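Listed next as structure tokens is one chain, alone, in the form predicted on its own.
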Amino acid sequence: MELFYSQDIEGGICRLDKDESGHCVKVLRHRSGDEIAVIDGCGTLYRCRITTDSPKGVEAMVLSAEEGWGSHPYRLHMAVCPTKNNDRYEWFAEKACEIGLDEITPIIGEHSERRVFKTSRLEKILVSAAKQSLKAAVPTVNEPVSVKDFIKDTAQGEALKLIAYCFEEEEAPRRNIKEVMEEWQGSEIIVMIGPEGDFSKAEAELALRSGFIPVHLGASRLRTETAALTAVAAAYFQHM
């Protein structure tokens, strides 16, 4: 199924940008009268008929709209420290979107090796991943924030809040993430994954005081991007 992406849908008319229009007309050779499917990135799939087949700007008449197309029955927010190698973080984001993800926040910890992260490229990757995996919603990418500020910002609310780290705290032993998710009756989940050097003890203690539950992802020691994707998969399989 071919999917196009547009945020310019109004008054029953859908307009594709130059890149999407070129792909539609030059590569796929669509012409006026053809029907196409367009996602808006917010969860709605539009069935449209092309009225203008310019490679610089396709216009199409909206025939129908389906909200919640390709959605999942939970809301997952992954707060993941950027990896030293950007490609690994982008790989995580792409695959997480394919599985089921709603929001990503790059968090900068005390032990983070990468402290600057640009989101523009990641947003393009997520649009492509959403189209490839047949989803009408594109995950939101937030601007980077410190671990401590993220914890403070999410202190309120009724989400299931999880933090995964490698060390043990005697007063709060880590639980298996699968078991914690099985017990959860709500729909909103927040998971924090630390950098290559793990969260600091002070960050972990702040998270626990703010209602986060410490979890582990099994016996294997995982890279940041692998741990993050494992958490995404745990939520997905729990809600299938």
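Since we're looking at a predicted model, the values are computed, not measured. Heads up: residue numbers just count along the shown sequence, starting at 1.
The next section is about a form of this same protein that is not shown, the form predicted together with another copy of the chain.
Although the partner is absent here, residue 18 sits far enough away that none of its heavy atoms falls within 4.5 Å of another copy of the chain in the predicted bound form. In the predicted bound form, at least one heavy atom of residue 178 sits within 4.5 Å of a heavy atom of another copy of the chain. Another copy of the chain in the predicted bound form is not approached by residue 142, whose heavy atoms all lie more than 4.5 angstroms from it. Although the partner is absent here, residue 114 sits far enough away that none of its heavy atoms falls within 4.5 Å of another copy of the chain in the predicted bound form. Only one of 116 to 124, 130 to 138, 150 to 158, 166 to 174 places residue heavy atoms within 4.5 angstroms of another copy of the chain in the predicted bound form, namely 130 to 138. Residues of 201 to 237 that come within 4.5 Å of another copy of the chain in the predicted bound form, judged by any heavy atom, are 217, 218, 219, 220, 221, 222, 223, 225, 226, 229, 230, 233, 234, 236, 237 in sequence order.
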